[in-house]
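There is one chain below, alone, in structure tokens, taken in the form predicted on its own.
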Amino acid sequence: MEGKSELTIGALGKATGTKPETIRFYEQIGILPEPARTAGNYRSYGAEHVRRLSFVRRVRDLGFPLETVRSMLALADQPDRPCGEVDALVLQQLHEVDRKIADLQRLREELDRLAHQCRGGHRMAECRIIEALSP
């Protein structure tokens, strides 16, 4: 991206793995600053857009909600500030991931239990899975 100061929305999307619709959405909600416009009124993105959008993508890939992304961006824009708030946000997300993993493990165990109830080869009226799922 160095040396390229003007990118189209398609080039920005390609550089960051982000769809143009998502880029426009991030602009609308203030996550990504509005770009300059060309004489033909096309969006023109620079290296800072690439850096910021790459950061947003990475944070979103880690499962953080948009409001946390917004908070992290605000904190990142203050380089002299202590990083304790970011640490707290990461720990909060880690706890949320642990909770989801526990939920998925319980779900897996229940599905495994259901799968082992099936005798197979019988009529639907005798299906243990349907029976177990019925109220």
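Residue indices: 1-based, along the sequence shown. Since we're looking at a predicted model, the values are computed, not measured.
Omitted from view is the form predicted together with another copy of the chain, to which the following refers.
Taking the partner from the other structure, another copy of the chain in the predicted complex has no heavy atom within 4.5 Å of any heavy atom of residue 28. Contact check for residue 93: a non-hydrogen atom falls within 4.5 Å of another copy of the chain in the predicted complex. In the predicted complex, residue 65 stays away from another copy of the chain, with no heavy atom inside 4.5 Å. The closest non-hydrogen atom of residue 32 lies beyond 4.5 Å of another copy of the chain in the predicted complex. Of the residues in 75-94, those that come within 4.5 Å of another copy of the chain in the predicted complex through at least one heavy atom are, in sequence order, 75, 76, 78, 79, 80, 81, 82, 83, 84, 86, 87, 90, 91, 93, 94.
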